[in-house]
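Only one chain is shown below, in structure tokens, and it's the form predicted on its own.
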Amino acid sequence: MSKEYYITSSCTISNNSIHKNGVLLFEEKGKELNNFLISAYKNMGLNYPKFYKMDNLSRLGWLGTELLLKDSFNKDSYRPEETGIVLSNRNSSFDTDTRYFETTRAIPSPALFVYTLPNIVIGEISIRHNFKGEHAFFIFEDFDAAFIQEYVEGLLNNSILEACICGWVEVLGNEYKAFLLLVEKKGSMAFTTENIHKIYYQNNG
């Protein structure tokens, strides 16, 4: 029997701005993605040196998750295996794939090669926050809110997970967007396709 689940936090990074729960946290126009993400990282007072070694897809997802969970998530309420991540995008890791391919003309870059899979961003998030439950990365032409809602609800319904980060993390050149939701079994905003769409387009850029 389907139960009701809740969106307890949201974070959107696009168009050189960061919103959490609909509130603008940071904005810096005119910078390329790499420089914008580093600037946002510094502005937020974060301290995770490995951030500088990540590719842009992982930086985007990692930074979005960091802000999504900050002051919104009590990890002590869950065992690590009860927390999971379900993400999607359009271009997989193609942005990093092409960068890596360019290095093969001289000396292939192992630092880039390790990021030539889209689910590496899930690994970076999992390491940081000790999420050890179900995870998945899907490729769609466009963000499919109905699929994400149904898939995550299934994980929660079957008690595979008790809490889940889900959404969209896309990078190709300077075209990018991170849209992340934290879904739990208690809250006030129902985890429905309608509400997912509402938040997704609220700060769409």
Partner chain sequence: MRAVFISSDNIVSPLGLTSAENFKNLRAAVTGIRKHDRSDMSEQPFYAALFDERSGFSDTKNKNGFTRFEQLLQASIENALNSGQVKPTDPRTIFILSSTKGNISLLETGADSKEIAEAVSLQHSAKKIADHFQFINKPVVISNACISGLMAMIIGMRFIQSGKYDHAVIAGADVISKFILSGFQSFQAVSNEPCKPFDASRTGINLGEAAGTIILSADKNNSAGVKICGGSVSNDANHISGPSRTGAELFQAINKAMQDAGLTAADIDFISAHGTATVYNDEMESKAINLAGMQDVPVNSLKGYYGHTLGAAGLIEAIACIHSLRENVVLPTVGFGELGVPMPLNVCSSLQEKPLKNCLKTASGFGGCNAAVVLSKDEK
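Residue numbers count along the first chain shown, from 1. These numbers were taken from a predicted model, which means no experiment stands behind them.
Another form exists, predicted together with its partner chain; not displayed. Remarks below refer to it.
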>> Just to confirm the contact call: exactly one of 22-30, 176-184, 63-71, 142-150 touches its partner chain in the predicted bound form at a 4.5 Å heavy atom cutoff, so which is it?
In response: 142-150
>> For its partner chain, considered in the predicted bound form: do all three of Met44, Asp76 and Ala163 come within 4.5 Å of it, counting heavy atoms only?
In response: no
>> Is Leu156 part of the interface with its partner chain in the predicted bound form - any heavy atom within 4.5 Å?
In response: no
> If we check its partner chain in the predicted bound form, which of the residues in 107-130 reach within 4.5 angstroms of it by a non-hydrogen atom?
Replying inline: Pro108, Ser109, Pro110, Phe113, Val114, Tyr115, Thr116, Leu117, Pro118, Asn119, Ile120, Ile122, Gly123, Glu124, Ser126, Ile127, Asn130
